[in-house]
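Shown here is one chain on its own, the form predicted on its own, set out as structure tokens.
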């Protein structure tokens, strides 16, 4: 059943059985819920985040439900380096031999001010965490993704990534760059790889980042991350094997990269 059909998507309980999936930003928000949901559907989940205590709490929560032990990857994307990621790749190659899914979800908001007043050091930090680090992870993890029978590379973006808006600063610029990278990569591997590349624009979602961006907003007025999980499951599982180079929106619409 296709996700875009009129009927609600009903994933099989073992949709992700035996799949190894790395989730960035697993300690909070959408990433945390996605990691739990992937585990519930059979995946071995690798939890990447900068706050070890949050990763350990999530590990303890999902371990009893995991077919295989989840992994914890402490990493601050704002300060990570090629050498650090290369060490991670060696460990993952030795332990798993492949990567069936990579969800780029981690991001930092930064200030919402005019560009002419934006702190230059903070701009560089946001761009590093939201764009450059995902590029490095993708670039260095490609051999592990290619080693999987059907790999899914999934980028969580934003409405201001598709169409940047005034005062969203480095966050909008970084997400815009991330979408450009996803589209570039999708075009390059279109007929030469088993990897499919897609973008999710989750829309307004009840997370700590949303609360920071809209401090006056009633959180009850926006959806919970759990409401997005059918879409994340669909795109991580083999039901979406034919979907490559699309932007998926929370309203169930999708646009091909070459028309977005």
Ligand code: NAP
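Note that the structure is a prediction, hence the values are computed from the model and not measured. Positions refer to the first chain, counted from 1.
Note that the form predicted in complex with the ligand isn't included here; everything after this is about it.
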With a 4.5 Å heavy atom cut-off to the ligand in the model of the complex, the contacting stretch among 74-82, 138-146, 181-189, 93-101 is 74-82
- For residue 237, is any heavy atom within 4.5 Å of the ligand in the model of the complex, or not? no
Is there a non-hydrogen atom of residue 28 within 4.5 angstroms of a non-hydrogen atom of the ligand in the model of the complex?
yes
Check residue 70 for me: does it contact the ligand in the model of the complex (non-hydrogen atoms, 4.5 angstroms)? no
Is residue 106 one of the residues lying within 4.5 Å of the ligand in the model of the complex, judged by heavy atom distances? yes
Students should find that, of 201, 198, 37, 44, the residue having a non-hydrogen atom no more than 4.5 angstroms from the ligand in the model of the complex is 201
**Prompt:** Even though the ligand is not shown here, does it sit in the model of the complex so that 51, 54 and 158 each have a heavy atom within 4.5 Å?
**Reply:** yes
